[in-house]
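Next up: a single chain in C-alpha cells, the form predicted alone.
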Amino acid sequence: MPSPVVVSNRGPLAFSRGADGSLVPRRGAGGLVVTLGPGAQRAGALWVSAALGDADREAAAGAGAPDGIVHADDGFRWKPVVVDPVQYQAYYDVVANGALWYCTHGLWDLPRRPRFDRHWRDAWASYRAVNSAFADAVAATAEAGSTVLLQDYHLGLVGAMLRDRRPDLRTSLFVHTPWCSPGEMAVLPDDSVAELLAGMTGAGAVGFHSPRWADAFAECCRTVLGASPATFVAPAATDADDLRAVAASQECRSELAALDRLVGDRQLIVRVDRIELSKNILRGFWAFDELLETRADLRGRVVFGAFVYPSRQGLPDYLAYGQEVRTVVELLNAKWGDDEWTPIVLDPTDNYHRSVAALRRYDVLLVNPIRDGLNLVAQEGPLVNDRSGTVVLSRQAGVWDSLGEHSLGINPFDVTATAEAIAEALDRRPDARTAAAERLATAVGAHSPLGWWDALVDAAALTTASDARL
C-alpha cells in the first residue's frame, strides 16, 4: 500500500541553530501537528510543507537523500518545499492571512479595507505560484495511487493542480477555518473567487469541522460555480494522552505552583489564545469590566488570567490589536486594582507549559471567538482541569456542535450576556459544576486524532469526483 501524503503550509518539523552551530530539529508548533501528527506517524506518511526559515532551508538543502526527504527521530518524514521568501510573503501575509482569513471569518472592515488593486493581484499570482510549487513537490514525490491529504485555505489551488499532474492520486482538502456566506465571499475579486473555489473542489472532497461551514462552502460553490461540491464533516480532536502527559510534567507542575501563589484563594477566569482578531479578546476584557461593575462582591475575589501570545506580526492590524489588548488591560487594572489585587494578569509569552497549567487551574474557561473553525482550547481545558471548571463558549465556534450542551453558550458580540454567563459560572453550585465538567470531558474524550485521521483518509478514498457529496 502506498504511503499517504500530508500537505500543509507549516509542517511537523522546524529547525534552529544549536549552541555548537549545528541544525537542531524540533517539533513544529500549532494545532495541526497535534491533531494530524499521531495518524501521520502511525501511517508512515510523508509530510510536505514549506521550509519557513533560513535553518529550515539549510536543512532542506542538506537533506542528503536523493528525494530531498528529511527523516526525523520521532518518525516524521518531511519533504520541504523551498519558496522564494518575497513570493512566500505575498502568498502568506497578503493573500492567505490578509484576505482569505478575513473573508472566511467575517472580519472585513469594509469602509476601509480591503483594497484589491494591481499590487494585490501580483500577490495573487504569488499565491498561485506557491500552490504550484507545492503541487510539483507532491507530484514528484508521491507514490502511485497515494492518498493525499491537503490542509487548509493556504493551499486552495493545489487540488485542481494535482488532478491535472497526477490523476492517479486520491485527494481531499480539509479546511480548518470556518467558511463564509456568498455575500461575504463576494468581496473578493470575481476571478480570484472562481479560481479558488474551482481549485478547492478539484481536490475531490472538501472537509470542515462543522456542518455550518460545509453548508456555507457549498452555497458559495453553487452561487459562483453553479454546482454542488463534495463535502464532509469531521471535527478534529486533540491528543488527550499527549496533553495529559504535559499536564503531569514537572515543568507544568512548577508553572501551576507559581499560578497558585499568584491567584491564592481567588477564583480564576482563564483564556488561552493567540492575539488574533477572530479570538475576540477585547470583548472578553470588557465583559470582565462589566462583571466587576455589576457584582461588587467579586471585586478582589476573582482574577482573569489572559495567556495570550502574539500572532501574525507581519500584519499592521495585528500589531495594532496587540497594542490595544495591552492598553485595555492597563486601563482596567488601573480602574479596579489595588496593592493587593491585580484583576487581569496578562501573559503575552508563548509558554505551553504555563498555558496548560492555567487550563488545570481555571474555574471558568472563556472561549468567545467571533467565528472559529473548531477551537482546540475548548477541548483541551476539560481534559486536564482539576477544579471542575465551567466553559463559557461562543456559539460561533465550530466546537459548539459537540460541547455546546455542556457549556454556557454566548453570543460573542454581546458583552453583557458574556458578563452574565461568567457570573453564572462563578456562582455555580459544586455539584452542578462537577456534573457539567464530567460531561464535557466525556464528550471531548469520545474523539481522537487517530479517528480524525481515518475520517480524512476515508473521504479521500471514497470521493474522487467533485459532483458527489458525502
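For every residue, the number given is its place in the sequence shown, counted from 1. The shown structure was predicted, so the numbers you read here are calculated from the model rather than taken from an experiment.
Quick note: we don't show the form predicted in complex with a small molecule, though the next part is all about it.
Practice problem: Spell it out for me: taking the small molecule in the predicted bound form, does every residue among 92, 153 and 274 have a heavy atom no farther than 4.5 Å from it? | Solution: Per the other structure, all of 92, 153 and 274 touch the small molecule.
Practice problem: Evaluate residue 17 for contact with the small molecule in the predicted bound form, applying a 4.5 angstroms cut-off between non-hydrogen atoms, and reply yes or no. | Solution: Flag for residue 17 set to no.
Quiz item: Is the gap between residue 128 and the small molecule in the predicted bound form 4.5 Å or less for some heavy atom pair?
Solution: The answer is no: residue 128 has no heavy atom within 4.5 Å of the small molecule.
Quiz item: If you check in the predicted bound form, is residue 177 within 4.5 Å of the small molecule, heavy atoms only?
Solution: Heavy-atom contact with the small molecule at 4.5 Å: present for residue 177.
Quiz item: Heavy atom to heavy atom, is residue 76 within 4.5 Å of the small molecule in the predicted bound form?
Solution: Heavy-atom contact with the small molecule at 4.5 Å: absent for residue 76.
Practice problem: Consider the chain as shown here, without its partner, and state which of 354, 312, 170, 361 has a heavy atom within 4.5 Å of the small molecule in the predicted bound form. | Solution: Checking each option against the small molecule in the predicted bound form, the one that comes within 4.5 Å is 312.
Quiz item: From the list 101, 400, 124, 232, which entry has a heavy atom within 4.5 Å of the small molecule in the predicted bound form?
Solution: Checking each option against the small molecule in the predicted bound form, the one that comes within 4.5 Å is 101.
Self-check item: in the predicted bound form, segment of 333 to 341, 156 to 164, 92 to 100, 235 to 243 with a heavy atom within 4.5 Å of the small molecule
Solution: Among the candidates, contact is made by 92 to 100.
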